[in-house]
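Each of the two blocks below gives one form of the same protein chain as structure tokens; they are labelled structure 1 and structure 2.
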Structure 1
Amino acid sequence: MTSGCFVARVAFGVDARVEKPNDVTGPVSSSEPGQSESAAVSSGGPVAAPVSEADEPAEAAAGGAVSPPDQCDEELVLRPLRSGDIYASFQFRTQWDTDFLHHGKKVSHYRLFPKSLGQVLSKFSVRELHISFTQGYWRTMQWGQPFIPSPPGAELWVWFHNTVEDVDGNWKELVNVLSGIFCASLNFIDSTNTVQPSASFKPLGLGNVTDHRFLRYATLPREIVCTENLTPWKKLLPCGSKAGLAVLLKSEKLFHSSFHSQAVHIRPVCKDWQCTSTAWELRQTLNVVFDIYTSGQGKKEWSLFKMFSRTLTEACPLASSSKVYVDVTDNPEGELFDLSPVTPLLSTAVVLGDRRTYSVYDLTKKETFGQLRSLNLVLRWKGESGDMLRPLLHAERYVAGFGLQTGEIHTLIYNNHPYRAFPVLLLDSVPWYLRLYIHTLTVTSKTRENKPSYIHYQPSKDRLRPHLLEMLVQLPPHSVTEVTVQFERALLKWTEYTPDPNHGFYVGSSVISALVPSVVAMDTNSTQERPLFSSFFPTKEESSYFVRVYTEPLLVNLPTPDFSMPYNVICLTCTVVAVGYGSFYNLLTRTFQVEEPSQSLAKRLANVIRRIRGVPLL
């Protein structure tokens, strides 16, 4: 197991970090390639942030030194898809040169960085935080790979500082606080759906942390994303939704799409190659895919106004850079679509192992908006687009079997590279009520057994923790690798069923991490300026790039009692009690009186006459 774990870590290049010099303030670690893109910030330059209470004496002694700056950047990337759909990706990055984890230092003044998140980092000693809310499933075979992947529902994984003593206690409090900040159901995250991976989800920021005791990962595949989650997310932006690219974030348009995902990523990063200065990076991303059918257009013609019901009029005044990128790689001569207005600015970037060309619209320049002082990009397709190239790595998963006692989980991993084999790290978190038979685990490639080089399995405990399975598998070139495992369904207590038990129970997506061979040489020099969408994952070597793939969540039926029978029993019992006990109670509490029968009319008239005459009454 030890050698396998070493192979897994080396294969993904996560431990090749160099420690910082001792005289550098901040966490001890090194620069992560792909992390120090913050050194190449746009033309505006850093803006001085207010001085915190802990820094005031030091700065006063230094003769009024400048406080650590904070700065923000925003980008929108539009990628026309071969299917006629369009992929829009928003990225907002805020950097602050401060240290929330420094003991004895209290950060009290905030300018661009949200105070609510800064207090969370400080209180719970969080080193990295990644949270996403996704509605819909990303169709890799139709849309290609996204810039930042995310599974359906809610996903949260956190690295805590190595000084935390009670990680589980901090995790429990943290999810409840985040549930309030984002108006989500994260409070349903508990020990039954939280795992502690041993090889997956390495830190994306600086830090040489390899002790996975300080890592927690959880998903809520049934979480529904709606406007109440988008509103607090927009409030974290420096300009809110009042200026810049955020004015396009109109909820009724964003949620009227086939895919929507919003995320928040917080991590410490290096600002230069030598990592002589560090900063906290807050990156907010929002990805949405519009298709011609749900939008009701019926034709392949897109514009900012049709997609978002708004146009761009200005950049965020607090942003150092504000740009819109349109992918024109497949349209070098304009034979596929027309893009207007035309911009002379072109930029190339290596994204997901491929060199792409983008038309760039700089919102910080007045000439971008033209005489109308408004930017409305229009894309008109000319003809039918060809088939998209198949991604080198994708996966799918399904449940097989019949009946409600046993079943089998199948995970298919596709390597579409014609001649290169590469390893992948598979992580599966299965709820405790699906009791896995780990001795039935099989891995086959091209009808042959494919023995994993590393396996980590943690069995579940009923109502306490889920199953955790991690494997490092070598994928042969141009092959399909199938991972199967059998399970038995457990019978829950009647109080553990959901209000709609016949709908089924969700099982979170499998996570596949890999270094995929690159078509072109990847850029490992993070000192060069790069767009935000191409600089999220660290790049260790030129020949490969990191990819994380999520499969579909599973919907499994469990043995469900007939909840209508208790209802019938309750109705019948209540009826018997109401009739029997009601009649008995009525007899015990009613008062009976004897009443004489009333006299006839003739007899009453006779008595009146006899009374007048003084004769005794009848």
Structure 2
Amino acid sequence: MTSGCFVARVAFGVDARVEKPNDVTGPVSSSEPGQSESAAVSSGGPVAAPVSEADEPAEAAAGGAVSPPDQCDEELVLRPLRSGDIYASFQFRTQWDTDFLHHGKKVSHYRLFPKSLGQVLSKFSVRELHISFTQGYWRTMQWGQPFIPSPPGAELWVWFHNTVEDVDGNWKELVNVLSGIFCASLNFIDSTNTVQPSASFKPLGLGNVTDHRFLRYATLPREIVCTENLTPWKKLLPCGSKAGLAVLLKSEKLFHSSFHSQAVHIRPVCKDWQCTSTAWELRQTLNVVFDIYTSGQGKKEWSLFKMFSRTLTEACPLASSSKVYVDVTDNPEGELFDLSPVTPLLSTAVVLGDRRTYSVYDLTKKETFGQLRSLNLVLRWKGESGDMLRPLLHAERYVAGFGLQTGEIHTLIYNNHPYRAFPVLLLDSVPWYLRLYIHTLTVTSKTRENKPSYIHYQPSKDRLRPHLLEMLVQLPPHSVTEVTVQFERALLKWTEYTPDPNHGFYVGSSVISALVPSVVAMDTNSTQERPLFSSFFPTKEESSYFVRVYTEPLLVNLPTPDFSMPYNVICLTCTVVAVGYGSFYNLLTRTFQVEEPSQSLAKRLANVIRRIRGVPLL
């Protein structure tokens, strides 16, 4: 701890000399207990290098001979799915060799890393940022596990640096800024849908800060993703959509698909395999699944041209590597499909607990493009489309019951492993207007009660924060675990209802994070060069791999008054008040008296005469 502080302070000093100090966040080092020492030790020299190279070229030499520029890789994985569909996953990685967070200085030079994001990182002291926009639901039963999972709608989770004092304030500003950057309605994220998960979302990059006070997680299940979100996303790429794999990203084809998901992940990583220094990694991923029925036009044939209406002609000139992988694991003898052009280059990687074989097309090499100078991969299906898969872990969720008063949320988690039990972390964030009856929470596996070993529950506050439920549940082998909890539907204030044309109220996906036992030994050696798609989630054990599964979001109807009713109600109450109040007021204030019968004039006259005569009156 002491040495870490010391070294970091030295680093700060170095910085001060290189560039004018900008003491916004103060001496970061003193309040940073968890930072890994090796990273801190080495951060001084190399980190300063690119900055100095930019601002003051004269000092670049002084910064050291080691001045590796930012690095960028691009990659496309095509995975033919058993259902006949095809899964295309783009990953673009930009590595930014700077480390401003540790020194509290402003960086004003950007090479490959997008400036809009860099400024956001430094302004809001973000340590890690993960944002995804997804249109559609990943069908685990048909497609297996995705490389990087994401829930329908928008998802955003951010780890702030642990020097941040007003996390909520930063978060609020950050979502508004991101909302502008990605043209999305992220500004609808507020305290009513933000939670701080205690265990489900750990930092994926360097640093082992685990105090969840610095974490914010929010989803917008109703967010619709379309071209206006794709364009700003493409602008973040080093080559834009001008060259490299990004030329394939044409929105008219990408949105003619069964599933579309685009994401941005920013995290601090080791700069090289020795981890002598840190860098920022920006990973932009885009996953899309094309449907053989709707886009195949009856033929079971896929090609790059058919999928994206473009072919590949070159790599992005700025990229240090540019590759296309095609998953041929199920097709060793070519019995399932024909792939052309054939490539001699094969690569194996352990992905999601399975050893997969890939044909590799390296776009930086000229021979890849052949004589036509363009690469158009063609995939012809021969076999029949297969049955549904049985992925080791999958989940589903639904609302049970009928009527508008109460209901029950059922979450089913399937463990299809024949003999291994494993624990999963379940995260449920339910809006306040569904009032969970937490005493009705039951977890059953194989008709027996399954007691969670860890429960973190934060009750909701009306109009302020949602329910947060996190549980660690052990899934017995080959079983279905059912988590049920009852809820009551709240009556909203009349201004809180959404405008009339609404589908209902959405409840975000629940998140299931698990270390799933692996069939083959996982790659734990992070130093080795690996394809991007297999290296997102860090693996620590050989025997298991990390999987995150999102359930479907829920659509719930709340008791909604008929809003044409106020008019009727006003009319009715006015009438009732007028009639009822009037008559009751009348009744209450009127006094009754016995009235002397009034006498007629003639009678009165007669009486006067009688009185005069002294005769008894009439």
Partner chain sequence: MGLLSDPNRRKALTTLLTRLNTPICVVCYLAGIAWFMGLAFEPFTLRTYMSENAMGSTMVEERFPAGERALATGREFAGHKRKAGGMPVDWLVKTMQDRGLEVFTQSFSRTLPFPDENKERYMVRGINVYGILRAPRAPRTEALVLSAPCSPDNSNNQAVGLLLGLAQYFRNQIYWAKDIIFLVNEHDLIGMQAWLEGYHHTNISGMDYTPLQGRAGSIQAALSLELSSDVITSLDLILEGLNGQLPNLDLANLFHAFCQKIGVMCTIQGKLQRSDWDTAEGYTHAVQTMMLMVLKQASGRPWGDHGLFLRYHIEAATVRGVNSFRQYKTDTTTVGRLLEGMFRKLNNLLERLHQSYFFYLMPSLSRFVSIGYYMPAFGLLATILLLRALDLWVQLGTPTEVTEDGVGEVEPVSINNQGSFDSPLTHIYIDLYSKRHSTFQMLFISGEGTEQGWRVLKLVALLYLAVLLGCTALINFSLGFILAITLVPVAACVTPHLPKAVSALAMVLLSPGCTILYCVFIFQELQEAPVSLSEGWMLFLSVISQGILDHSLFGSLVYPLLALLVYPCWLLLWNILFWK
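Under this definition, the rigid core comprises the largest set of C-alpha atoms superposing within 1.5 Å between the forms. These figures come from a predicted structure and were not determined experimentally. Residue numbering: structure 1 sequence, from 1.
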Note to self: form predicted alone is structure 1
Once the core is aligned, does residue 437 move its Cα by at least 2 Å between structures 1 and 2?
no
Verify the C-alpha shift of residue 566 between structures 1 and 2: is it 2 Å or more after superposing the core?
yes
With both forms fit on the core, has residue 137 moved 2 Å or more by CA between structures 1 and 2?
no
Core-fitted comparison between structures 1 and 2 - CA shift at residue 611, Å
82.6
